[in-house]
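Only one chain is shown below, in structure tokens, and it's the form predicted alone.
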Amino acid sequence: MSAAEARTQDQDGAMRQMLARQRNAHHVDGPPSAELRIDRIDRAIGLLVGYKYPLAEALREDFGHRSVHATLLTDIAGSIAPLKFARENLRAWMRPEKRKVNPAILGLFGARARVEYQPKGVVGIISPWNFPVQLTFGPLAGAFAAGNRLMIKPSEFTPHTSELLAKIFRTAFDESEVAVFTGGPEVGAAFSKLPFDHLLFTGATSIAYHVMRAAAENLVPTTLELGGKSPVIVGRTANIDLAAKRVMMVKTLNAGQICLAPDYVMVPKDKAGDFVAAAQGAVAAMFPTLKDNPDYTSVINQRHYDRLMGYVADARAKGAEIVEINPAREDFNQQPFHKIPPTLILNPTDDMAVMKDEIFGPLLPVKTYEAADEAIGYVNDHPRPLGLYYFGTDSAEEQRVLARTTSGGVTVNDVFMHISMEDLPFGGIGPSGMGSYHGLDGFKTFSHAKAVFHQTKTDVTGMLRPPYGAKFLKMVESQIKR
């Protein structure tokens, strides 16, 4: 056995021991009170408030350069909001739900039915590298509100951040409440094989196949938050300047390394030039310079930089027009990081790699269409995306787009923003994910909905016991009808 294999085996043993410890604590202590759930949420918020700048600095190191301001917005404030929302609402969510008794006559005799929401127990969270803080702390809102204990595996692509997360959680939580395990893909593979009570994975669709296969060995219920090619449909009635500003804001946020970033834009053919010009103006207003601009984030590493530049080269070779938005005309051939200027790819074709794979970077294909149904048809001919965005003021066209397409979620006249609505579920469908969380939906995802029925003391079911006869037959036949 190699040293690496021995380390992996040791880590696997440590994770299994921790799972057993957390599960035993869950059984011994029982469901936590609302007060303890709120305390855990408060401790999580305290970590974000107290370590906001160390976390931002760790992310800056991991990315080569990452905007500190963007981190404070997305990873810190973006994590605190769902935690506060859960804290404010969890007492109401915890209440049993009264359900109807059927047949109604049982209710007249005192029968009662309800749903009780129990903690599932130990929840595993595998968080990604693009927003490693938000996509670790955000799910804690629903998981803590539901009364669970947590084991977390952050990404190996952001090692400074992952190590800091492990350190700060130990300052506020006993490991029987929250435990963090760092390491490479071999640790992630062992983590996904653990018999959790629920597993949340956020990451690439290609990795999700392996995670779900591993979880299936123990029949672990799994929530998959993936991605895909989220389209933007710009209608003829859209404000092109506003659409371009909102699309390019999200496409440049975190250098487009966002699961919900627009992956391609579809614009009416006669408005394509207007959109390109508006996109150029929007980027210039946000980033007069790019190369040394502290607000503009780098691509995470060399492998992803090479992948993205390969998409551009492939598209150019196959006939696309490449529009690099570089307001100061800076030379990016020599740079200490992996920054890529926002780049439009005009008239892309489906044989180009940029139209086959999720981009996860600051590249934006721009396709044209003649009629709205053409755009709708194109979306429907491809895997269902995590997000879909429609711009326009034509309510009939908007409704047609919403009704005729299927995606995880939709934002109308903006991009990405439905994820910030804490009372809306967040999740994908098909290749873009499975299951959802956020708000009440997150509480329910991480809870077991247990049906409870109290039968009346009156022996109303006596007629169901043998011996059967004509009276019984008449009663049953009275129920077998249209």
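Everything numeric here is computed off the predicted structure, so don't read it as measured data. All residue numbers refer to positions in the sequence shown, first residue = 1.
Omitted from view is the form predicted in complex with a small molecule, to which the following refers.
Stretch 155-163 is the contacting one of 104-112, 155-163, 320-328, 363-371, since its residues have non-hydrogen atoms within 4.5 Å of the small molecule in the model of the complex.
Contact between residue 416 and the small molecule in the model of the complex is not found at the 4.5 Å heavy atom cutoff. With a 4.5 Å cutoff on heavy atoms, residue 383 does not count as touching the small molecule in the model of the complex; it lies far away. Interface residue remark: residue 189 is counted as part of the site for the small molecule in the model of the complex, having a heavy atom within 4.5 Å.
Of the heavy atoms in residue 211, some are within 4.5 Å of the small molecule in the model of the complex. A single residue from the set 409, 342, 348, 203 has any heavy atom within 4.5 angstroms of the small molecule in the model of the complex; that residue is 203. Among 392, 78, 184, 221, the residue placing a heavy atom within 4.5 Å of the small molecule in the model of the complex is 184.
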